[in-house]
Ligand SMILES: C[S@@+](CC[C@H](N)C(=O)[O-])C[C@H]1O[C@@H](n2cnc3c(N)ncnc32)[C@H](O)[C@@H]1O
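Shown below, as structure tokens, is a lone chain in the form predicted alone; questions about how it binds or moves come after it.
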Amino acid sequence: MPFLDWVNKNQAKAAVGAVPTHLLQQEAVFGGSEDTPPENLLIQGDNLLALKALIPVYAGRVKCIFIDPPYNTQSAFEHYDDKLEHSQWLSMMYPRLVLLRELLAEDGSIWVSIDDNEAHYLKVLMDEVFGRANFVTTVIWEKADSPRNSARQFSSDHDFIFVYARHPDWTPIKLARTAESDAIYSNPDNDQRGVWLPGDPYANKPYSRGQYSVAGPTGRIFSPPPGRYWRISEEKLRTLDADGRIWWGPSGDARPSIKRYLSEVSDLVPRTLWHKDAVGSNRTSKNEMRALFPGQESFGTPKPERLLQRALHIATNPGDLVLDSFLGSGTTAAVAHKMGRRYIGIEMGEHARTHCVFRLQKVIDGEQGGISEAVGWKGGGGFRFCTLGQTAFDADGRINPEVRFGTLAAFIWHYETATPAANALNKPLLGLHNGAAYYLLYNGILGDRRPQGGNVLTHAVLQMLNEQYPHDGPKVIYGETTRLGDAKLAAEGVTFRQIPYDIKSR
């Protein structure tokens, strides 16, 4: 497979491992209740740092990623820089795509909106990061309502949305049928089973049905044309004909057609051309922004809510986790909120507070713009607003005292297994993976901070672990230090790892 090369690519690849792990610092909670704090997150900060901060807890858990990164159009917008040299843009995107891939669930998909300026370079870059076999499709979004006669060469009517899956067997969720899609069905013979479509009886490849000829009601003989074959056997055709499921035309002398009844067809397979009348246009999104932010005109390139609604319908179910690391004005989070999806949104600068927080508060209050009426949105829910706090490890690898047990446990579990934790990390036994049990002694998890217990592996602590969290197999135990010798550890099947020295920041 060909790879894309550019100036400073090696530095961009190295940047992935060099990103420090920061702690998320909760600043405020909007909506929800004390009994059920909201799971949704809005993070203010550099999305590269924020993505790395999310990995210990959310790796492998995000069902759908939708991002609308700067298009590198060589123009400048008020709230983000969209004027980077091409190699700088690629170096900006590469480490972020790598971290996004780590966050994507096994049955997840990523959707990236882009235009002609970087689309073809981005396609090759995503082939490299996500695997060419995992490319699903390119959606064409008709974004323009009318031509721009001031354009120097062509008036651009569309943007691209690249869709990749975590695995090639990913299956999209079908779309509900519409009056337009059903209008092509009719019932010229007043069939009691309802309206139907005529289906082609011939196929372009043999189905082992034989090359037979059949006579119609008027005696006219029908055979497949050269290079084509019957789709069904002669016996099956006769059976369907006896049941009134073959159409020979109004005079009985037309080529046989197999009836496909509307009552028997499923919902619609998504198509790749998304018309503005169905999902909105740039004008739609600008009108939505004007209603939300009166008097403000500079919004960059927001997407209409209906466009996000279709993408999230295809890629997620209610309760699934959605991530947008270029949140912009907050559209992805607002639509996910209204559709009953969980979400994480990341946006840098004061724009996160002045636009994203403000917009999501209006969603909680039940604002009726965008898709609200279509989904029956009445308000409710909530989100947590966080900023990037201190790093989890200092330059010498020591653990920040602010790191709590659950944070370090999630970090260790992901470092050891490269998988998300399957249970709440609130006890010494973190879980089982490939036959081994993983334990963490830290932050007084045993209720005893003395050297003889708590964070130090002693004979008494090991006995307690064996009694309360037994495992008949290899054990990996993290702690401050151990009082057990190598012979005892080997006899107990224990591999001891000292924190912080045996924890490597990925």
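We number the residues from 1 along the sequence you see. Only a predicted model underlies this, so the values are computations on that prediction, with no experimental measurement involved.
Not on display, but discussed next: the form predicted together with the named molecule.
With the partner omitted here, the residue from Gly370, Gly328, Pro95, Pro428 that has a non-hydrogen atom within 4.5 angstroms of the named molecule in the predicted bound form is Gly328. Distance criterion of 4.5 Å from any heavy atom to the named molecule in the predicted bound form singles out His351 from the list Lys362, His351, Arg101, Arg384. The candidate stretches are 172-180, 311-319, 197-205, 330-338, and the one lying within 4.5 Å of the named molecule in the predicted bound form by heavy atoms is 330-338.
Within this chain, Pro302 lines the site of the named molecule in the predicted bound form, having a heavy atom no more than 4.5 Å away.
When contacts are judged by a 4.5 Å heavy atom cut-off, Pro70 counts as touching the named molecule in the predicted bound form.
Not displayed here, the named molecule is kept clear of Asn40 by more than 4.5 Å at the level of heavy atoms in the predicted bound form.
The closest non-hydrogen atom of Gly479 lies beyond 4.5 Å of the named molecule in the predicted bound form.
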